[in-house]
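What follows is a single chain, given as structure tokens, in the form predicted on its own.
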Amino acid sequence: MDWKDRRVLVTGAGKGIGRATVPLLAEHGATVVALSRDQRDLDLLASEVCCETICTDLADLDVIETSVAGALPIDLLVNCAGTTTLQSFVSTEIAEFNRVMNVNAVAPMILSQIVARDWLRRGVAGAIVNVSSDAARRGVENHTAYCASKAALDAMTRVMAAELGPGGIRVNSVNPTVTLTPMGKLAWSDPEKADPVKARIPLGRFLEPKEVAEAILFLLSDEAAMVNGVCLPVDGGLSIT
């Protein structure tokens, strides 16, 4: 994992899993381009880790291409930005459903298209990791939009891997269970909700963001050169119970 001459774009870099991924990449010599919607988060990150920054809200699909154009060329992409809304199925609002889908599924598609087109034009290989969720394959109460968006991201990951693989481009996802990011803590702060899920995890606990980041680095690396189209559970064994 020596990435001294490689540029990595990480979305959702201001908080959570993305925030944990940036310093790990930098430690391995990568030039990191950190994207977040919050300039304050980016300023704090840049004060701690040497990185380039892009401040943009991926919910605004129309600005994505313009926002990232100046960061090209890049060598690796981590689609980590995500959002959620806590609404029951019968009360899910169309506007909220669309917002979550846009950030969690449509924005990664647009970013991956921008990057992959550049790689194909230049004839270079690359790797993309989409940060999905265990919720892609489970029905989680009050998470209609989130579950749907992550299932869409997994499906897209498989299509991307099939179509882009012949060009030397690998695409995989990581699918963590509950991760103690700010968003995860908000959604799983109630012990009555969290404890039954935790009890089903053989390792007996939820994830820390850095543990997901380590899996992301593996999938980006040449050590995973023949790993393509995989949705990798990072869940302490929840998927086997």
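One rule holds for the numbers: they count along the sequence shown, beginning at 1. Nothing here was measured: the structure is a model prediction, and the numbers come from that model.
What comes next is about the form predicted together with a small molecule, which is not displayed.
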Contact at Ser36, Gly82 and Thr181 by the small molecule in the predicted complex, all three, heavy atom at most 4.5 Å:
yes
Which residue among Val103, Val171, Ala145, Leu77 has a heavy atom within 4.5 angstroms of the small molecule in the predicted complex?
Val103
Quick check for you: of 50 to 58, 65 to 73, 196 to 204, 26 to 34, which stretch puts a non-hydrogen atom within 4.5 Å of the small molecule in the predicted complex?
50 to 58
